[in-house]
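Listed next as structure tokens is one chain, alone, in the form predicted on its own.
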Amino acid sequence: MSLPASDLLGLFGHFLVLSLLAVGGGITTAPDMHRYLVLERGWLSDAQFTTSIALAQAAPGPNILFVAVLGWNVAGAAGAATTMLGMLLPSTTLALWATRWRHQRRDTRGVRAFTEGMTPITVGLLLATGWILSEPSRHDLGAVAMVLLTVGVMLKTRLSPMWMVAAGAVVGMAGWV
């Protein structure tokens, strides 16, 4: 579970670029991570990719930890450090600068238009992420029913998503999906 330095550098560079495209959170770049890690490089299978994200999302802590799990599954500790550094360095620097800049110009038309325009982009990226993550289960009617039930419950109630994660774990352990 190790990569040559040139591959680690490539992994770092890819996540560095993705960091700047992660509007709405790191999870919105999951489709491109999937393309790079699974389809282009073959470092992970579809199931490994999906399991990595599911495991990190079910764990307590920041959502961005899925990046470390992906890196770990690609190249161990070096991979986890590489992906996290690549993902956090530019976005953290830019976020600190942009927050200060936006606060000073929050009432200008351009800043308001930018903020409103980013909402549909973020929703589209989240939908694409959901599509990629559902790849291993799309053929299973039980899994599709769970997806639809989860979406319905989340739209109609104020129930914590953690209850749906727990329900998914129970259903998975029971072998129903």
Partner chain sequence: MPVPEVAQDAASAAPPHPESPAPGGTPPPRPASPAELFWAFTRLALQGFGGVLPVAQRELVERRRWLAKQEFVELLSVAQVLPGPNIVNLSLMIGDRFFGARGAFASLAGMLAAPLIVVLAAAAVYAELARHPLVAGALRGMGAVAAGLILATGIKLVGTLKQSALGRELAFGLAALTVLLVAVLHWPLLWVLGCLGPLAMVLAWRRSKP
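Positions refer to the first chain, counted from 1. On a predicted model such as this, the values are computed, not experimentally measured, just so you know.
Here the subject shifts to the form predicted in complex with its partner chain, a form of this protein not shown in this document.
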* Within 4.5 Å of its partner chain in the predicted bound form, do we find a heavy atom from each of Leu55, Met84 and Leu133? -> yes
* Give a yes/no on whether Leu141 approaches its partner chain to within 4.5 Å in the predicted bound form, heavy atoms considered. => no
* To do: Determine whether any heavy atom of Pro4 comes within 4.5 Å of a heavy atom of its partner chain in the predicted bound form, and answer yes or no.
  => no
* Would Asp46 sit within 4.5 Å of its partner chain in the predicted bound form, counting heavy atoms only? -> no
* To do: Flag Gly25 as yes or no: does it have a non-hydrogen atom within 4.5 angstroms of any non-hydrogen atom of its partner chain in the predicted bound form?
  => yes
* So which residues in 51-69, when you check its partner chain in the predicted bound form, have a heavy atom no farther than 4.5 Å from it? -> Thr51, Ala54, Leu55, Ala56, Gln57, Ala58, Ala59, Pro60, Gly61, Pro62, Asn63, Ile64, Leu65, Ala68, Val69
